[in-house]
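Take a look at this single chain, the form predicted alone, given in structure tokens.
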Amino acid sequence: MRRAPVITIDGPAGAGKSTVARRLARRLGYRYIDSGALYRALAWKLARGAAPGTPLADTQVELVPRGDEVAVLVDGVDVSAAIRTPEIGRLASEIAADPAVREFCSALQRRLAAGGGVVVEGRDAGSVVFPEADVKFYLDAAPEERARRRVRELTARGEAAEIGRVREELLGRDRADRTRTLAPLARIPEACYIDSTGMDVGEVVERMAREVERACSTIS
């Protein structure tokens, strides 16, 4: 019996991974796993006063499907909106350099993906967490395009955002992600590279869906 595939989407911040991954998962009837939300969830708990040495085993992080969205729960508390602030994003990037944090989040992703039929997006989903994934994508876009998308996202949430500052923050995040010692952001050779500059979400999802169909036709 053919197993359901694991699909990964890696790429820099602001490239549109979350939106595309959700749409692709919905189109395929798969589960969507937002790896970044797991790191943000731990960052939220730390920002709320948890001691840096708090055992990760005492933390419960859940991704709960709710309609077209996925709710993020930390120890039973819905933090879906609270983890999307720039401050939590920066803290999440910092704690991602901790080997214990990365192992916790990687192990959780693998448990969630047991059995396949998932679309996982993140920085190292295809390169580190799921090196044997059936289909791998690297989604990119020009810095200016990524900054515009992030500004629209922040504005929609009622947050003030200046495109120049947002662009510099994204470039800083790129440098941190690509130069960290542990699981750096990397464009691996086997990943299908897509530059989404000038493309709308529907076009990106269509291209990915065709690649998934082509690749999975050979999976036995």
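Sequential numbering from 1, following the sequence displayed. What you see is a predicted model, and the numbers here were worked out from it, not measured in a lab.
The same protein has a further form, the form predicted in complex with ligand C5P, not shown here; the description that follows concerns it.
Mapping the unseen interface onto this chain, residue 148 falls outside it, with no heavy atom inside 4.5 Å of ligand C5P in the predicted bound form. The closest non-hydrogen atom of residue 62 lies beyond 4.5 Å of ligand C5P in the predicted bound form. Ligand C5P in the predicted bound form comes within 4.5 Å of no heavy atom belonging to residue 113.
Ligand C5P in the predicted bound form comes within 4.5 Å of no heavy atom belonging to residue 27. Heavy atoms within 4.5 Å of ligand C5P in the predicted bound form are found in one stretch of 191 to 199, 66 to 74, 151 to 159, 169 to 177, which is 169 to 177. Only one of 118, 96, 135, 108 lies close to ligand C5P in the predicted bound form, with a heavy atom inside 4.5 Å, and it is 96. Within 4.5 angstroms of ligand C5P in the predicted bound form, the stretch 131 to 162 places no non-hydrogen atom at all.
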